[in-house]
Every structure is written in structure tokens, then in C-alpha cells.
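Quick heads-up: it's one chain on its own, the form predicted alone, in C-alpha cells.
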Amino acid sequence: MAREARTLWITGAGSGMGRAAALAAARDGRPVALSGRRPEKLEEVAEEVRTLGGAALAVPLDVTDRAAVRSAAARIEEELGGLGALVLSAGLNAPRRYWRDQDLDEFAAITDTNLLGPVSVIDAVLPRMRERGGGTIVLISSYSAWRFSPDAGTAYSATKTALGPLTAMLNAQESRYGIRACHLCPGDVDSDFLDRRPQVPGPQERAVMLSPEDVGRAVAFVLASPPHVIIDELVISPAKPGP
């Protein structure tokens, strides 16, 4: 019999999709652990969660620091209770996105954040999830991981695409322990992540994009699905504007 654990740990929780997922989870009554590189932003989101009546713990973290990830996982378990879910929203891209101008140190930083970061967090929580007999992992990826998008960038496309087979491997190997994973691929989202584009979209372009709250609702749907249901991959995109 699985011992239900309700605590949700979100990386990249200080803004955008991570923040939206935190607020959606708070409305569902989940305690929320918030991680990211900006402590002040995490505290702002934590206060929003508390205003909704939820429990929140800000845990500043660079997901590329493996020792810090393990320490964070232990602290969350101790202060908020058993981890029942992960939402991995921390991501990185760069304005230089083409072979002709990319920087290999920048490429490595993107890989460390977008691929090795999620692997590190998952690796830190899987043993306890197995012991408890359940857990849900949502990897927030990108539409460019589902359909090739040449302007997304070499490093970004490669690392986000890699999350697909990573998710499939989790489901193949860990579902016997009650653990399920979802590769969530949103299209363009109006968030501060757009500031990393070579040409930053203007208000008209942003107006027809997904909102972070759209992604938050998608995350909530995955988390609320019955334990025997695995949503292997979920793609959401903005509707095309009319004439």
C-alpha cells in the first residue's frame, strides 16, 4: 500500500511557469517547496502561496550543484514531509543560438541546467519515492523538444529533446514502484524567459502566446491524474490568431 506524500518540489519556482505551478498546487492543498537561484523571488512566491492558505518553503538552489541538490531534498523532507511530486521548471538558454556564434562554455552551462539539473534532482528523490511506493515527476520541456524548431538554439534544442527519452526511461523502469513521469512541452509562453531571445518579442507577439497560468493548469492536471494513469507526454500550444 502506497503511503501518500503530498509535498511538491518545484525548481525554477521564482517566476513564470514554476511560479504558476506553485500557485496551482497551493490551491489543491499541496505543501510546496520552492527552489531557484533568486532567494528574493522565491520568498515572494512563498508569500503568495501562504496567502492562498498553503504551506511553502523557499529553498534557494542552483540545480547544477549536486551536493546542494541532495541537501535541499533532505531539508524539504524534514520540514515539509514526504516528497510526492516534482516539477522541474528550471531552464536556461542564450541569445547566441547558432553554430556560427555559439560559445562552448555557454553550451555546457545550458546542458548542466536543462539536462543534468533535472537528472540530479530526480536522482536525489527517487529512492524515497520508491520506498513510499509512489511519486509524480513533471519535466517542463519545450515545444521545440516535440517538433524541431531551428530558432530555439543548438544547446537548448538538444537538451530539451533529451528530456523525452529520459521521461520514457523513468516510466519504463520506475512505474513498477508507482512512479510516473510526464514530458510537458509548452509552446511559446509569455514569461521573462523570452528576454533571452536574440530578438525579444513585443507586446503584440506576447498577447497571443500561452500564459504561465496555462502551463500551471496543465501541471495541475498531470498531478491530479489517478495514480494508475501515466501521461507520458503532454503538448500544449497557443491557438493561431484569427485574421
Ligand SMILES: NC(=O)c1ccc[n+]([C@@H]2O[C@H](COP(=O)([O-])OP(=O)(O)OC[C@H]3O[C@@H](n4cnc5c(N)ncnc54)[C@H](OP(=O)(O)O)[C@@H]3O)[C@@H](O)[C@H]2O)c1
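Numbers follow the displayed sequence, beginning with 1. Just so it is clear, the structure is predicted and the values come from calculations on it, not from any experiment.
One more form of this protein should be noted, the form predicted in complex with the ligand, which is absent from this view; the next part is about it.
Only one of 154-162, 122-130, 97-105, 77-85 places residue heavy atoms within 4.5 angstroms of the ligand in the predicted bound form, namely 154-162. Contact annotation for G178: none of its heavy atoms lies within 4.5 Å of the ligand in the predicted bound form.
Contact between R37 and the ligand in the predicted bound form is found at the 4.5 Å heavy atom cutoff.
Residue contact check for G135: none of its heavy atoms lie within 4.5 Å of the ligand in the predicted bound form. The ligand in the predicted bound form is not approached by G54, whose heavy atoms all lie more than 4.5 angstroms from it.
Scanning 60-94 for heavy atoms within 4.5 Å of the ligand in the predicted bound form gives L61, D62, V63, T64, S89, A90, G91 in sequence order.
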